[in-house]
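One chain follows as structure tokens, the form predicted alone.
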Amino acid sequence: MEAALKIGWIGLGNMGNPMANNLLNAGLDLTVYNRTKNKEESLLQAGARSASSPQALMDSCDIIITMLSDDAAVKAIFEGPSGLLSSANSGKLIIDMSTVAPATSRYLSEACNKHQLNFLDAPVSGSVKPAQDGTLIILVGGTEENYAKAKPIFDILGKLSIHLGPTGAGSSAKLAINYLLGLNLQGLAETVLFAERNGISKENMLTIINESACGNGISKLKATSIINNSYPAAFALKHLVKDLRLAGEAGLNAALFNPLFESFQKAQEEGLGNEDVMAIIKSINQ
């Protein structure tokens, strides 16, 4: 990557802030924009600059990265007043790392094409700790040329980036892996609760799971939360509900999908949306 390239970052939530910080730590020239300005403070102290609007950030940067909560937020940043597409900046590259519908990624790509801009959809697999450690898996849709330009950035943010195909492919892969995440969480919760109701402590059952062929990264990662019955959000449950809804809208109609979606929707309706996804166990246990 050219040392002189200026990077713009929009969206400084639980994931965006540590990811942007990793770019700063790698010595990149970084400008940030966030609607809630106090979320910029730590990055400004570390050497980033602040833009007054998405348009101002777009005007001053070569590659712009967005990491936002949902489809509506991303579209507003692209198309709203003083949005990314509100001034002439042909040839620049915009990378959307948000989890959105594949159709939204294709829509944004077409909008960029009309402005002679380049676009990649590049959502990530991983939560806050991998974001902090730079060990995310980055799922990329778009042209090979744009992927090659973005790869040095991806190499800072993640342990692996995969070019999966045309625009929308990254978003499709993200919805697929989050469906599997939901199945894992639901199954883990149901297994621990079934064992407990039959006299097996959750500590012992989690040891059995994690020392057996059934254990995996998510069962090991969530064991402490289950034992402590404490679920601070590494990945908020409400975001998985959104991702499952998007997967259904994109055509997922598997036998386990509807009961899984209904289970997580119920947990959100019970007020667990801002807790970690593993808080599904609290809903099931009622």
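Owing to the predicted nature of the structure, the values given are computational and were not obtained by experimental measurement. Numbering starts at 1 and follows the sequence shown.
A second form of this protein, the form predicted together with a small molecule, is not displayed here; the remarks below concern that form.
- Though the small molecule is absent from this view, in the predicted bound form it lies within 4.5 Å of a heavy atom of just one residue from 34, 225, 31, 55, which is 34.
- For the options 169, 85, 162, 73, the residue carrying a heavy atom within 4.5 angstroms of the small molecule in the predicted bound form is 73.
- Partner contact region in the predicted bound form: 97 to 105, out of 112 to 120, 97 to 105, 192 to 200, 147 to 155, criterion any non-hydrogen atom within 4.5 Å of the small molecule.
- Put simply, residue 235 is close to the small molecule in the predicted bound form: some heavy atom of it is within 4.5 Å.
- Although the partner is absent here, residue 69 is a contact residue: one of its heavy atoms lies within 4.5 angstroms of the small molecule in the predicted bound form.
- The small molecule in the predicted bound form comes within 4.5 Å of a heavy atom belonging to residue 128.
- At least one heavy atom of residue 13 is located within 4.5 Å of the small molecule in the predicted bound form.
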